[in-house]
Every structure is written in C-alpha cells, then in structure tokens.
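Okay, so we've got the same protein chain twice, two forms, each given alone as structure tokens, structure 1 and structure 2.
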Structure 1
C-alpha cells in the first residue's frame, strides 16, 4: 500500500484554514435534507420514534463513515477517484467513480429544487411589501403548482442556481468555499434560532415538542427512511466529505471535526423540525392531513403559516433566503467533488473545469426541471428504473437515495474497515488528534455494523420493494 500520508496537499490544491473544514463540511451537510426532508419524514413516521432511530443511525453509521471518508481524503490529499486508486489500486478506484457519477446525478436535480427558493424569496418580498391577504393565502397552493408547471421558470432558476454555485467554486477552496461558508453558516444559524424563539412564544410549541421527542410508533419503513436520511443529510456515500477531507489540515482532529459536523447537522434538522412541528400543531387536527403527503409543504402551506406568526413579514423572506443559502453550500460541495477530479486528473484549470462541469450538470438537470408538469412525458411517463416513481426527477432521486449513496457508504466502510490496515488507519486518525482510544470501536463499527445495516437496507429495497425516499 503506497501510503502517502504525511505529504499533505500540494500547494496548488489549497488547504482549509482553521475551522474551515468544519464550516464547509457543515455547510455541505446542512441543506434541503435538514430543512425540508427531515421534518417531513419525522412527522410522517411517528415523530419521536423516528428521531430516536435517526440519532442512532447518525452515531453508529454516519459518524464512523464520515471519519472514514475524511481519513481517506486527508491521507491522500486527492479527489475520490485518485484517493481510492492510491490506497487500494485500480479496482477500488471504482468507488471513486461511483461517487463522481452519483454527484452529477444528485447535483443536477438538487439544483432544480434549490432554485425554487429564488422564486419564493421574491414572492415573499412582494407579499411582505403589499401585505399577505386571505386571497393570497387561498391560492398559495395553486400558485405553486402553476409555478412548477412553468418549464421556462424551472429551467431559468435551475440555471441561476448552478451559476451561483459555479461562481463560488471558481474562486477555489480558500477564497470561495471557505469565505462564503464563514458568512452563511452563522447567518443561517441565527435565523433558525430566531424562528425557534418565535415558535416558543406560541401555544402549539409544547405539543410540537411532545410530538417530536416523545417516541410514537415507527414501522420498518420508517427505520429504513431514518437510515437513508442520515446518509443524505450528512452528505455521505459519494465522496463529498472525502473531498473536503482532502483539503483539511493535518493539524486538525478528524474525530472531533466529524463529531462537530454530525452534531451541527443534527441540531439544524431538529431546530427545523421544532419550527415546522409548531406550525403543524397550530393547525386544527382535521386539516393537518395536507402536511403529511408530499414535497410541496415547504412552498404551499408554509408561507401562510409564516405570515401568521408574529414578525411574519420579516421571517417569511428570511426563511426562504435561509433555505436557499443552505442549499447553496450543499450544491457547492457537490460541484467541488466533480471539479476537483477534472483539475487533479485531467489537469484542467479550475475556471475551465468549473464552467464545463457546471454547464454539463445544468444540461443534465433540464429534464428534471421539466418533470414537474411542463413536459408530460418527463413528468409522468419516464419511470424506467423506479417502479413507483412517476417522473424524471423522481427516478434520479430514487436511484441516488435508495441505491447509489448506500452502496458508496457500504464500500467505503469495507475499504477503511477491512482493506486498510489498522496500523495505517490508527496513524492517520491520530494525526492532529493525539492518541485515539476509540480506534478499535471505530474499526469494529466499520467492519460489521455499517456493512450489516446497509446491506439490510439494500436487501429490503431490492427484494421487498420498500421505497424510502
């Protein structure tokens, strides 16, 4: 094994400054997954029970695999493909390739949904200026559906979001990613805190906490969803954390950084849930059904709810701005994985790589953008791989969340758990940390618990037809 540990990153690749890794990695992890998917899934799956399973999944699967990805990245100072090739040879580099492919897919459709926040910041600013009337409230739902079916707007916002992402990436690791995240992450956190504080003043706050933290019933499907959600939310399974790890200084601690990122990501998901649950609990039970079903909650019922809160005129636009920022720091991490490969392995210049990859991903996202009603074929008849999904967007999301990320995570766990020697992983993980007493526990989780749990999920999805996205 040609261990390259110790050499660190070449100057040209760039390295994060102090705290840079934690900020950027937390920025990657915190996104639509936390602010929209988690509250909605928790609400659907019995609240407290789902939260409990999720926390266990983060601790037993998420944290060890995140440490594994960071370790592989930092010890090789390389993109996923090269990192696996250096440490494991030609065959293992396929894991890196899988990651690059998965990244293209996720980025292409994630950017479409992220683009919706642009429309909603604009809408909310107008509402705040003119007043949010009963008539406005009555047609938020139909307005949103009409917006979804506007192919031109869908493509335009997707394009704008990709351009914003590429704009940051072009400036490189230090000036771009780190600088942006340093401002955005704390701002995001403050707005969330403010929203939680506002929620705490309402009478539905306590019922919301009960629903969110007192375990209810959870089924097998809920457990699967919780585990899948942990992967997606922590940005694991496709080399994003590996790539950020490759920019991490060897003076910083891998276990502590990974724990911080997992903790922050979970905290944001819980805060978002407190806010959403408070809003949901404020609605009479017989009308709550509309919160249970689909991806549109965030854009149909939430504006109305936000405008019902004190300070709604300020909170509503800030909230969508926050969602957009969170999504941006996530798309940044996805694009950086792809761009770093073109830079390292093809020798492209950062600016050229960014523009090319950005354009390619934009093109790949166009069918997704058109699969919300504007194109009938893409909306309801393109479902070759995802049996129950109905359109192009659903197919991509189904593939990524149910198969590609879990497989990537499984292979990473096996690689670091079984293939890399304990002497090597111990030395690498102690670099910048000091003696790591939990090394054996970490290895054991990677060797048995992670592969076992993920294999069980894949088995359930393939053979029992459990769909969990």
Structure 2
C-alpha cells in the first residue's frame, strides 16, 4: 500500500546535525549488553564462531530493521504512535503504543542498574586512593549484595540517574541529546582504547585475541544467542531508533547512517570483548566459571580483576565511568521516546513533559529498586511469571526482553516490508542517499528473513524455555 509521509525533521521538533544522529543512535544502542553480555556469550559459544554468526545476524537482521525504524521516523517526523498512525492508520498505531510502553518499562528498571555505576565509581576512587587490599577483594561480593539490599541507596541512585537523564532531555534535541552524546561517545571510546592498550601489555592478551577471533565450536543454542544479541543490542523494537530518526535531516542517508550505527555498536562490543577476554584468560581455567551471564558480575568479580591489571588504580574507576556513560546514553534515548509523544500529541512543553514523564518513570522504577532484598514481597513473592521470573525487577525485565522487544521488531519488519509500498520506501531511503540498489534485497530481508529470525527467538522463549534477559 502506498503511504504519504510528513516533512521530516521539522524545526519545531528539532533536528540532529550531521553527526548528531549517528552519535546519539550509537549511544542508544551501546549499553550493558555490549560491555558484558556480548563478551560472556562470545566466550561461552566458541569465541570467533559466535562473533562471525553475530556479524552475519547484524547484517541480515539488525541493520534492515534499524533502517526500517529510521525510515518510518524520518518520513513522518513523528513519535512512534503518530508515525504508525500516519502511515498505517489506527490499528497500526498500536505498534507505536507497544514501543512507548516497552520503553517506559525498560527505562524504569534500567535506570536502577545504571545507578549502581554511581556507587562503584565512588568505591573505585576510594580503593584507588587507599589501595585495593586482599580484605577488599574478599568481601567485594558480600559488599555488593549488602548494597543491593539497601533500599534507600537503590532508590537514591535510581533517582539521581533519572535526574541526569531528564536533565539532558529537557534541553531538547540539539542542545541536550546531541550536545551530550558528542561528549559522552568520544569519551566512551577513549576509555575503551585506554583499557585495550593496557590489556595489550598483559600475557593473556594474545590468547584472548585468539579466543575472540579464531572460530571454535558453536551449537544451535549459541547460534540462537548470537542472533538474539544482534537484535537486542541495537535498541530495536521499542521506538528509540524511530524517534531519533524523526529528528534526522532529510539530507542525510538512512542506509549509511544505519550502517555506521551498527558498526559503532559492534566495535564497542568487540573492544569490550578484548578487555574481558584478557581478564578471563588471565585467571586459572578452574576459576573462569565465576564469570556468569548476569551484569551483576560487573560489580562482584571484575573489581579485583581490574586492580590486578597494570595501572589498575586508573583503570577501575575509568571502567565504571565507561559503564555509566554507556548506560546514560541509553536512558536518554528511552526517555526521549516517551517525551516525544507528550510533545507531539498533547502539545506539552518539553520541560513540563520531561519532568512529568521522568517522575512517572522514577515512580515505576521504585519497586524494582526495592526488589533486591530490601522488600520481601517485591524481591521474591511477586512472581506472576513464575517459574520464568520472580521478583518485580526480574519479572518486567523478562517480559520486556523476551516478548515486548521481539514483538515490536517483528511488527515493524512486517509493516515496512509488507504494508508500505516499495515505491514509498524506495523514495524515502533514496532521499539523502541517491540510488539505493539494495532496496529489493532490503525489502526481501524485512519480509522473510527478519520475521523468520524473530519468530525463532519467540519460539525458543515460549516452547524451549530460553531466556534473553
């Protein structure tokens, strides 16, 4: 079906500069999944074999859906709800509502985890000043668990992180999101380069590179996890790329911009893997089992490992600053998805919309902040999805990661692949790019490959008990 788009990138809503979209979108994609989950899964699933499957999945799944979201956003210059409504009508607007709801849920608990970085930047500065002793190493795990059980601290840091996020959003697209990501993203890469440079001085660096880039054995489960990581790592299925696309200039190329975002996201994951593999390969094989999939490992196992590296006193606080930067660029995009609807559809001023939505998201996140031991009901007795998940935080994390995001991505692929006419999508992707000879391939991937891959993810969750959170 043919569709009529709006005038993309209106001045009233704000427009990203030449590199603004790429840095902001890359910041949205880069998060805790890049810094820990990707390295863990790659190490567990054949190293280079996992990386190879992941790269193929990014090309065949992640990049096409990212282009689809950006195209829908830029063609309408609208938030997710209005964008789908303009192009597809009332019923398709439900996909936009799904994205907004998913973003609200994820931001409410993601900012809780992000708040942990505030505590650990402070801890590492203290350890670096006083020295990281064997006594510190012996109790780092128990100290973290005690920190989780401190409901007051959890709520405080959750609130601080939400305030930082809202403080960026309130200044708008150009002076807020773009200005901050232009600082945070280069800083993030500089810290990564520092960590890689130090890793290169250790004896475990070359074994780490061999493990990461030489293919090993990988099974069907590993292939599935690589495909899932390629989708979940890119902030797809929740309207973030669509919203950022709505601020993208029509002079910029959608295919090139999407490819650069995917490339930067993958580069961060590979650089983080070099660092993590170097740390993992530097400990005896019988101790490597303590490196688990949960991001909790970032705060229990890694401090000691970081302080055992050369320049550990500099690296440890730098690493947690890196994690904080990555988390902040992600929370910024999530809040903007929500705020954009209140600005576009209700006509609210950005400042009022940001404060209102920020407070609502903070309130939604308080139960998650209290579900790590400070409140028995929220920690263990709240279990509507048992045995798949228990506790308030785990329940909503499981729901969002395993159902809401894949369904959002699936419906977006179907919408752009099947519902929007080829004439419309070809015109949109060629504006700012020139002739796009891969248009037919892109549409074919959206029609068949992307839905098939996401259906596989959903099937594995429903019928095989696989968890992607």
Ligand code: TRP
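Bear in mind that the values here come from a model prediction, so they are computed numbers and not experimental data. Numbering follows the first chain given and starts at 1. Superpose the two forms; the largest set of C-alphas matching within 1.5 Å is the rigid core.
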Pick out the form predicted in complex with the named molecule: structure 1 or structure 2.
1
With a threshold of 2 Å on the C-alpha, tell me if residue 222 counts as moved between the two structures once the core is superposed.
yes
Is residue 45 one of the residues whose C-alpha moves 2 Å or more between the two structures after the core fit?
yes
